[in-house]
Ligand SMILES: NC(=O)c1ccc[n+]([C@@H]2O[C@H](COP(=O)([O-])OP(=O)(O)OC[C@H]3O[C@@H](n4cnc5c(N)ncnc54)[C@H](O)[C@@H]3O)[C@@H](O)[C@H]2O)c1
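One chain follows as structure tokens, the form predicted alone.
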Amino acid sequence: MSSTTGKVIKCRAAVAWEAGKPLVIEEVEVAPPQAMEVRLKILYTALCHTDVFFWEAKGQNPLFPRIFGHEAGGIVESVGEGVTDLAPGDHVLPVFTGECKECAHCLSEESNMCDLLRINTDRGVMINDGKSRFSINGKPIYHFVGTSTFSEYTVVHSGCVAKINPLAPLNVVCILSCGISTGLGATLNVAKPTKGSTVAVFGLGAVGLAAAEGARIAGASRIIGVDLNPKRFHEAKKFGVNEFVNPKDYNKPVQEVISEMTNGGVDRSIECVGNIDAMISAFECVRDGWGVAVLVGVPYKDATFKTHPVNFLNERTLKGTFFGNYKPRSDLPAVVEMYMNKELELEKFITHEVPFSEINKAFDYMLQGDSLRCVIRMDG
């Protein structure tokens, strides 16, 4: 039993007091875990674009003060009542979506959309009692997507925690908590390109490059990267992308360009932008007969997808995916093993590292478009 078990822990956390303002390192009080919750000591966390999106308050409903962060690696400090599959000392990845293992989605081999624990960006409290586990001078600080990893300690529902190989370096595998797994799984689990096939990836940020990495692992012969920023093309070569298309270079729709390049269209496409035009292009650039397009990006709420029904009748398939179709507790340990077995390369996604005291630098790097993933060391 840890000396802190059952007690309030005082630690550092980076608090967002208001939208778009630099985070402030504060001393917060972290309550013990309640039933079906675990308290984690976070060792490394990374910055994902979703954190920035909600910090800027471009997301649903602004909720402040809040502790952001949802890509991380840590160690279980203590567990609440009813938690049987995790114990203090376990190495884990907290995940923004969960797996209760009891609902219809969790019992289905086809879905990872847990009824109880799927992402809720508006909720700033724990589902057990509707209260926050963070406070400063008795005033609650809100949670973010059930993880809030920009804190030295955090409390998470046990269904949102993946127990992993303790030999895996947490400063590397922490990035599997969100974007990298999302892109990788979109290709390997949903698009499923065959060896020698052609794949187009729309958007060459971290998620798109993870999708390209999946195509490389699957043995695709041509991986075409599509992006409006030509600076991204050089970096993408490390992830197996061997051809590039910038839609701004053409005076016709990019789907026509890709169709001509590939003599009828690509076998698979993965859209990782969140832009409705990119989504339509990704669907319309796949080959008739067997082409599959997978949508990963999240569009603005008023977006409408328009295409001619004949595109479906000609045997093209359109799919969507959430977190790469990975069930966090069941599947993430195996993704970590892919890295440990050198099948999956993760270091090339990590472009920057900063100590926790300089967490705002991570935001600067992302806003300037300089980083894929910036890992934040909690001990610094």
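Residue numbers run from 1 along the displayed sequence. What you see is a predicted model, and the numbers here were worked out from it, not measured in a lab.
There is another form of this protein, the form predicted together with this ligand, and it is not shown here; the text below is about that form.
Of the candidates Ala282, Ile223, Cys272, Cys174, Cys272 is the one whose heavy atoms come within 4.5 Å of this ligand in the predicted bound form; the others do not. Interface residue among Ser108, Thr194, Asn120, Asn229, judged by heavy atoms within 4.5 Å of this ligand in the predicted bound form: Asn229.
Relative to this ligand in the predicted bound form, residues Leu40, Gly124 and Thr154 are all farther than 4.5 Å at every heavy atom. Remark: His49 counts among the residues lining this ligand in the predicted bound form, judged by a heavy atom distance of 4.5 Å or less.
For the chain shown alone, Ala278 is a contact residue for this ligand in the predicted bound form, at least one non-hydrogen atom being within 4.5 angstroms. Using a 4.5 Å cutoff between non-hydrogen atoms, Gly208 counts as a contact of this ligand in the predicted bound form.
Within 4.5 Å of some heavy atom of this ligand in the predicted bound form lies at least one heavy atom of Phe322. Residues with any non-hydrogen atom within 4.5 angstroms of this ligand in the predicted bound form fall in just one of 229-237, 211-219, 131-139, 98-106: 229-237.
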